[in-house]
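In the form predicted alone, a lone chain appears below as structure tokens.
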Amino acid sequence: MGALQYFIYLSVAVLLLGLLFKAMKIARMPIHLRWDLYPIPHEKGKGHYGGSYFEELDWWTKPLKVSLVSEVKEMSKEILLIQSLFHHNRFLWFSSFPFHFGLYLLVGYLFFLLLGAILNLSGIVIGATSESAIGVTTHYLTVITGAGGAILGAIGAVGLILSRIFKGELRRFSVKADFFNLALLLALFVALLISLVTVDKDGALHRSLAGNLITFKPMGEMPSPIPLELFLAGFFFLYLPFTHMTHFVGKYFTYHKVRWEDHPNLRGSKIEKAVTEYLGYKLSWSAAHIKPGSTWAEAATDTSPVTGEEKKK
């Protein structure tokens, strides 16, 4: 195996472990201040008008009715269409939507490459003229997701870079890392597109490389610009866990543990146990209205007025 192949294995391992570590770190954080923002889509029969189980008489004595279908439907609109940005910042959405949808297609591209490699190993031919229906389907989905993802991603990345340069309100809070991240992804999209157009129009070469990677066989010689494309992909995987681009991990918790969290705090519940523990935490900071060293419970229940001397501190 060559150095590039070892680099790819390393980058994939760092990516998976990094994302797992970040998800576990967020999951173990104390309960966030709940927003209970309505409508909450999983409120069965009530989500569509912003209602909740609190409308029910003696609601705490009744089982919660949850609609997973409604929740998945709402999540799909947010993840695939980025509907919040569409409603609140239409200008940015025109660049952000193709950028993110291109990334989703490329995740699909990786999936179909790996699926095609596994099917190849099991004797199924992948191609437009394959006798197997799954072979034909996998071929076309690989081509569509690869080319479509690279084109949309590149369009979105260019749009986001230009927006951060020329849009005043975006330029003010854009840092060098934002431009580097977008430039890195743009280079990756363009390298992939050139590879698909010039040396691998049907994706067979990429599928063969994927097969060698999962069976730990040497990838061998590769035509340009595939080595550059693989290096950029490996570098991106290695770099991603250490950047704010992992916001997609936090987004799950933002919606499910903050915005839509509506589980009741009942006596004897896990929530009550956790909150009781948190109320005993010692405060590590102080202010005019906060006494250093006091607990969360003492700070929350202290109603004594702030004196003039305390305000001067």
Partner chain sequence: MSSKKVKVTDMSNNQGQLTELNQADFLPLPPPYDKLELEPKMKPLTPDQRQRYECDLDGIAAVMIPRPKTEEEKKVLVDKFLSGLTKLFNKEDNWTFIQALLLTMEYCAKCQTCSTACPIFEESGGKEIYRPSYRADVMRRLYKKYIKPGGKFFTKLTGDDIEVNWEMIARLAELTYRCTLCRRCAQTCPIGADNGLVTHELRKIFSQEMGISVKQLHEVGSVQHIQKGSSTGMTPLAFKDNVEFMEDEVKERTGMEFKWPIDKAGADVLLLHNAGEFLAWPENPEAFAIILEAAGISYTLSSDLLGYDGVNYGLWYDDVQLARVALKHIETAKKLGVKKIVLGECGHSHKALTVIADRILTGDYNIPRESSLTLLADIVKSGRLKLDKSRNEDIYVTLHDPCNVVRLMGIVEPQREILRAISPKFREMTPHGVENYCCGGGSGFAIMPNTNFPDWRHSVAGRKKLRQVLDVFQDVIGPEHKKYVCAPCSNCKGQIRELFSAYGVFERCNILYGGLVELIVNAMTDIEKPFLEWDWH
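Numbering follows the first chain given and starts at 1. This is a predicted model, so every value here is computed, not measured. For clarity, a rigid core is taken as the largest C-alpha set superposing within 1.5 Å between two forms.
The discussion below concerns the form predicted together with its partner chain, not included here.
> Considering I161, V143, L238, L85, which brings a non-hydrogen atom within 4.5 Å of its partner chain in the predicted bound form?
Replying inline: Only one listed residue qualifies here, and that residue is L85.
> Within 4.5 Å of its partner chain in the predicted bound form, do we find a heavy atom from each of K251, I271 and A287?
Replying inline: Verified in the predicted bound form; spot residues all in contact, yes.
> Contact between L266 and its partner chain in the predicted bound form at 4.5 Å, heavy atoms?
Replying inline: So L266 counts as contacting its partner chain.
>> How about H247 - does it come within 4.5 Å of its partner chain in the predicted bound form, if we only consider non-hydrogen atoms?
In response: Within the cut-off, so yes.
> Taking the shortest heavy atom distance, is S52 within 4.5 Å of its partner chain in the predicted bound form?
Replying inline: Taking the distances in the predicted bound form, the answer for S52 is yes, it comes within 4.5 Å of its partner chain.
>> If we define contact as a non-hydrogen atom of the residue within 4.5 angstroms of the partner, is V175 a contact of its partner chain in the predicted bound form?
In response: Answer yes; at least one heavy atom of V175 falls within 4.5 Å of its partner chain in the predicted bound form.
> So which of 219-227, 144-152, 109-117, 177-185 is the stretch with heavy atoms within 4.5 Å of its partner chain in the predicted bound form?
Replying inline: Stretch with heavy atoms near the partner: 177-185.
> Going through 30-48 from first to last, which residues have a non-hydrogen atom within 4.5 Å of its partner chain in the predicted bound form?
Replying inline: Heavy-atom contacts within 4.5 Å come from P30, I31, H32, L33, R34, W35, D36, L37, Y38, P39.
> Taking the rigid core as the reference frame, is the Cα of A299 displaced by 2 Å or more between the shown form and the other one?
Replying inline: A299 C-alpha, core-superposed: shift of 2 Å or more.
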